[in-house]
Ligand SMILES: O=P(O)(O)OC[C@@H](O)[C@@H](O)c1c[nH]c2ccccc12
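Okay, so here's just one chain, in structure tokens, the form predicted alone.
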């Protein structure tokens, strides 16, 4: 069993418990009382390379990364540094996250918020929207074609914008066929947890024009942003480098500045 399979097994166990505690109908009722979701597309399609900054306490590959006592404060620093959106890891077993983190972040910032988790059922989409998420991660490798199509459609129907994650050319085709408007290329192999820095450059050209291209994993600093931009990145998603750095606001600002370099202006 690879790392992704192991993570998904735990996700399904935890999901079953939450479904017993909070029925789907109750979640649907909660969704009716949250503010409308923000549309992330204008800022992600804007000039330069946008930065999605991540609230990330731990990872399966590195273990504990940072003590984040106040995710709302961290998100506020990210936003002040110019982050276009905030990603919040909500998976508990391997990433030490929670939906409560997302709720707190949503209350603290005015930029779009992404629920980053291992989504396998529509129940989790309603959880995300009820907690105030504007975007939701859908991982192609974790879903069948039918599941992916259904989750993309359901997400859109309740106001969420799906960020569809791929790792290979074949997965790009599946994401496009499912109707993805934002495709994230993750340089980390989710079964081995190894990062291949060449993944984005090899995969991004296969993503059709008009679809937002997001580079995920392995972004350590401004130089990486510039290199990824030259390979076609519209957005970078950065977690580990920011939560382990000394100053999250300055860290984001440096990435944003690199993405705004005149030589990288989108046509």
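Remember, it's a predicted structure, so these values are computed and weren't measured experimentally. Numbering follows the first chain given and starts at 1.
Quick note: we don't show the form predicted together with this ligand, though the next part is all about it.
Visitor: Place this ligand on this chain by superposition, using its pose in the model of the complex; is the pocket open, or blocked by 3 or more ligand atoms lying within 2.4 Å of backbone or C-beta atoms?
Guide: Open: when this ligand is placed as it sits in the model of the complex, none of its atoms comes within 2.4 Å of backbone or C-beta atoms.
Visitor: In the model of the complex, does each of 56, 116 and 239 have a heavy atom within 4.5 Å of this ligand?
Guide: Every residue of the spot touches this ligand in the model of the complex.
Visitor: Mark residue 165 yes when one of its heavy atoms lies within 4.5 Å of a heavy atom of this ligand in the model of the complex, and no otherwise.
Guide: Yes.
Visitor: Please run the contact check for residue 95 against this ligand in the model of the complex: heavy atoms, 4.5 angstroms, yes or no?
Guide: Residue 95: yes, in contact with this ligand in the model of the complex.
Visitor: Would residue 188 sit within 4.5 Å of this ligand in the model of the complex, counting heavy atoms only?
Guide: Yes, residue 188 is a contact residue.
Visitor: Would you classify residue 125 as touching this ligand in the model of the complex, given a 4.5 Å non-hydrogen atom cut-off?
Guide: No.
Visitor: Among 174-182, 104-112, 87-95, 128-136, which stretch sits within 4.5 Å of this ligand in the model of the complex, heavy atoms only?
Guide: Checking each option against the 4.5 Å cut-off leaves 87-95.
Visitor: Report the residue, out of 222, 232, 48, 218, that has at least one non-hydrogen atom within 4.5 angstroms of this ligand in the model of the complex.
Guide: Looking at 222, 232, 48, 218 one by one, just 218 meets the 4.5 Å heavy-atom criterion.
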